[in-house]
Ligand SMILES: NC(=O)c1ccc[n+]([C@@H]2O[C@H](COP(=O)([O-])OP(=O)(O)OC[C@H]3O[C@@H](n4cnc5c(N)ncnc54)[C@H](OP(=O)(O)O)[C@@H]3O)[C@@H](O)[C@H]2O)c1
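Only one chain is shown below, in structure tokens, and it's the form predicted on its own.
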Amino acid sequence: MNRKIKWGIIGLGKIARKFAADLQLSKESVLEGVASRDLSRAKLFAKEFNALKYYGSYESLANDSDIDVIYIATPHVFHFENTMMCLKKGKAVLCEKPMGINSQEVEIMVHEARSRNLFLMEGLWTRFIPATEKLIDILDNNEIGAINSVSADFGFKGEVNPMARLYNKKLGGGSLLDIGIYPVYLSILALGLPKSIAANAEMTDTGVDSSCSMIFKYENGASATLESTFEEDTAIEGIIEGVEGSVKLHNRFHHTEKLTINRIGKIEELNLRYKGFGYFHEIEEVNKCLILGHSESPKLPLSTSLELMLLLDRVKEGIGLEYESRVLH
């Protein structure tokens, strides 16, 4: 494939705007089309971000034969039905995190993509930024020894609006799925899947968690202490402690540009800038996979997305959080 990758975007909110801006930085990408349920909104978005076409329905965009891959940036609860619709239309999909609201949804999405030999990846941008790439090198090379512990937090003071996305259960609200996914993912990168979990949450009147605290325990005796909250601003840092040193991921750790590595008294600070808003790097990964004919990213395979969702399901069960799945419709 020598031509450029032609992208479509479904759901034109805040994240989609940043994603579309980063698409402009990619020499291998063209923004072929955008879709909103509001045609006038799609038209304005298309004009601002140089999209060649705009649509007033998601289905119309998915039917566009010129589009290679669709980025889905709708609210969490719609990821399943939007992704399934695109896959059934024969489109490759990059679905914003979390891929689904439970593991059943993710399993069905993965099966659909694999049965059609179509590319599917979760839009977990953290995995592809330069600082995370460096962190993985450090861990793979055992530079800080066996990992003893991981601690990570993500918190901000959110507007308490029962109808807004963060607090609206019908839109997949709650701190765990929205921002808690990042500390949980960091724990998987460093320690894999835990043997046991303990979780506590503050629940809102709307039935979602406004904060969630988690402790994961592992077979080798290591532990992870993780937190997400809409109730206060927190440090938004990650610290990985090994027997021979530590790595600190500075604020905001999920797309940090600074690592501090402490190897038994020898401190090294690394500044690792990302391009654009940071979405550029996952865009390039998708482009590379499509050009090479891969149906999954080797850096973020579908098995990892499934493991992540299964772990989030265990936390949800622990705090009594459940969403109505689109699978049932």
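Note that residue numbering follows the sequence shown and begins at 1. Please read all numbers here as calculations on a predicted model, not as lab measurements.
Although not depicted, the form predicted together with the named molecule is the subject of the following passage.
Here the chain stands alone, but in the predicted bound form its contact with the named molecule, taken as any heavy atom within 4.5 Å, falls in 31-39 among 300-308, 60-68, 31-39, 266-274. When contacts are defined as a non-hydrogen atom within 4.5 Å, all of L12, H76 and P98 contact the named molecule in the predicted bound form. Screening K248, K89, R165, R127 for any heavy atom within 4.5 Å of the named molecule in the predicted bound form leaves a single hit, R165.
The single contact residue among L171, A222, I144, A113, judged by any heavy atom lying within 4.5 Å of the named molecule in the predicted bound form, is L171. Contact between F80 and the named molecule in the predicted bound form is not found at the 4.5 Å heavy atom cutoff.
With a 4.5 Å cutoff on heavy atoms, F280 does not count as touching the named molecule in the predicted bound form; it lies far away. Taking the partner from the other structure, the named molecule in the predicted bound form has a heavy atom within 4.5 Å of a heavy atom of Y182.
Contact annotation: D178 falls within 4.5 Å of the named molecule in the predicted bound form, judged by heavy atom distances.
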